[in-house]
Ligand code: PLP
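The chain below stands alone and is given in structure tokens; this is the form predicted alone.
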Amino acid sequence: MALLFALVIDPVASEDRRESYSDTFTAVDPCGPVLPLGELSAQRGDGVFESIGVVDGHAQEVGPHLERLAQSAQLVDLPAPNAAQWREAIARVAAEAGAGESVIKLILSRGLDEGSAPTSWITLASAPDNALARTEGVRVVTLERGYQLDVPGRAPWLLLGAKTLSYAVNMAAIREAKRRGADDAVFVTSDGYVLEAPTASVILRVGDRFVTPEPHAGILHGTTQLSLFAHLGRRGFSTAYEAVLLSDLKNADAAWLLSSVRLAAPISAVDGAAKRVDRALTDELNAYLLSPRH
């Protein structure tokens, strides 16, 4: 993804209320030197982020993304971001997007050292071409995440429900999936429960029911999944959060990976076993996800 625009945000207290925060934004060269070498986001991955899909200049699901950014900040003991300030900054960045699809990334870092003011910035980048994944689907392999289903509740310091900048494990999982001849991975617990993909939520269709793993299992509560479940509910389908076994994924009538940028990518194979792709339903889901959503 080629960077197109970047904006640095001077942090203000969450209780600060004003008509405009434009004086707290600084446009910078997205490919130029901006961050100091001591920045903890680079040294430790000590921060949180969100990725927002942009369609024809419209930033999708801004409210839910800001809510999740605030939740992640709370989990890692960062100051609460000022939602009004960030919303205005997102609008400023989205104004630079043209026709087609792009992606806005929100980054909130701990800064230069413990106790310093956080560092915040937003980037705009072109989105990758996801047409093939949305139509032909993605082959996935299941990879063990290394903990049992109940670990997130017993060990909150693992930050398993926060969208942190520490994505080395996620990227390693995708590389391992490709080494095994697949396109992506799905994490499972050591006791056999489905969690999520490295950069996506997992949903299953069983008859007329749509199911996704319970978010309290230490996974991100996907903004795209939430929006899609609301759409499916309006269409008369039943939706549910459940503990999903690996066998449930393999036996489901259909399954998808959902994310803000790739949108709905049907799963075409699990661990080498082919899975039926529902092209008509997938096209309908992506038509909804490409429509303006707030």
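Don't overthink the numbering: it's just position in the shown sequence, from 1. Keep in mind that what you see is a predicted model, and the values were worked out from it rather than measured.
Not pictured, yet referred to below: the form predicted together with the ligand.
- Heavy atoms within 4.5 Å of the ligand in the model of the complex map, among the stretches 148-156, 94-102, 163-171, 109-117, onto 163-171 alone.
- Checked against the ligand in the model of the complex, the candidates Thr189, Thr123, Ser201, Gln85 yield a single residue with a heavy atom inside 4.5 Å, and that residue is Ser201.
- Comment: the ligand is not present in this chain, but in the model of the complex one of Ala255, Val48, Val54, Leu258 has a heavy atom within 4.5 Å of it, namely Leu258.
- The ligand is not shown here, but in the model of the complex it comes within 4.5 Å of a heavy atom of Leu220.
- Contact annotation: Thr212 falls outside 4.5 Å of the ligand in the model of the complex, judged by heavy atom distances.
- Contact annotation for Ala197: at least one heavy atom lies within 4.5 Å of the ligand in the model of the complex.
- Applying a 4.5 Å heavy atom cutoff to the ligand in the model of the complex picks out His65, Arg68 from 35-68, in order along the sequence.
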